[in-house]
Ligand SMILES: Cc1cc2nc3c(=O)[nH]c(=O)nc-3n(C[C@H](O)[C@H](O)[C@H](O)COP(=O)(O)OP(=O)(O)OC[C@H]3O[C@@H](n4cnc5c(N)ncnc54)[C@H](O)[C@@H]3O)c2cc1C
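Next up: a single chain in structure tokens, the form predicted on its own.
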């Protein structure tokens, strides 16, 4: 790829929440003299805030995915469908799975995270990780197809991980499958859901009221919650074995555990945290390579570490845009300090939600769900492009 003497290459890797906002803002405001390129392995990027509702059947696929191509067209950016696999930092080139290396002057990474690799035998062979999302949704659709075709057959689903992701998956998976069973005039008892968590309480880091309330609702709805259970093996046939001796058979195991970064980040020579995430400062720049920026789950702000959650990626979008633009124009960068406590609205699969902020919790109730739904729909509306280029 060539570039003019005056222009620079700004390469955005990943279509995460922060980069979607960056492209939206470049579309609204005059771009600097730069070649903007987005590399993504999907055409439509999932929005994490609405994915649990999509699992429950509340949102269509299109409603909870950002269409990246028209967004790039509006921003004057080029879109390449490819997967990043490495960095050549000596020559400032991004290495891709299928295409030629892409040179950059400024690089920004917003590629999300995946469940942490596990030493538990059988995880790689016999479980479905919650991320990457396209792979998860494909497996989820396979389950829905099976239940739709054979609603008379009992089905058991196991979820390993008692954080927000695992809890929301349990609620919303139950809602969707029981809806199918009800339409087929089959009893809800045809579905069994097991939720495994190695800790003594679900959703560490949230308000005590939120943790206890959600556990009570899970149990009341017949979801089998297994606390203080350390999964030690997944065997053929999706049989789960725990350190305590507990053994549970299932038809599908979803792995929703601690987040991790891809191996190529650790091998890139970028400064990383103990968990392998890119260490950034208050300007969202890499601590080791200032012409490289990072946001969302793949980044850890050294002075202000925060949980891996989509709400933080959304908040980083505006400051990332401003600093990428300033970097291209050789202007001073602005600092960004994330809030310590942000409001989380957690859906319970029945068009209700519970609010959690710091040590304060409230709900669940329908009004909170309507509020969450309005926030999510307003966010997605930002990326609706009029008359996109075919």
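All of these numbers come straight from a predicted model, not from anything done at the bench. Numbering follows the first chain given and starts at 1.
Not pictured, yet referred to below: the form predicted in complex with the ligand.
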**Request:** Report the residue, out of 56, 354, 34, 39, that has at least one non-hydrogen atom within 4.5 angstroms of the ligand in the predicted bound form.
**Result:** 39
**Asked** Given that the ligand is left out here, which of 210, 301, 313, 106 has a heavy atom within 4.5 Å of it in the predicted bound form?
**Response** 313
**Listed range touching the ligand, judged in the predicted bound form by heavy atoms within 4.5 Å, from 286-294, 81-89, 196-204, 183-191** = 81-89
**Message:** Residue-level question: is residue 168 within 4.5 Å of the ligand in the predicted bound form, judged on heavy atoms?
**Reply:** yes
**Asked** If you check in the predicted bound form, is residue 241 within 4.5 Å of the ligand, heavy atoms only?
**Response** no
**Message:** Since only the chain is shown here, I'm wondering whether residue 112 would be in contact with the ligand in the predicted bound form (any heavy atom pair within 4.5 Å).
**Reply:** yes
**Prompt:** Any chance residue 173 has a heavy atom within 4.5 Å of the ligand in the predicted bound form?
**Reply:** no
**Request:** Could you run down 35-62 and flag each residue that has a heavy atom within 4.5 Å of the ligand in the predicted bound form?
**Result:** 39, 40, 41, 42, 45, 46, 48, 49, 52
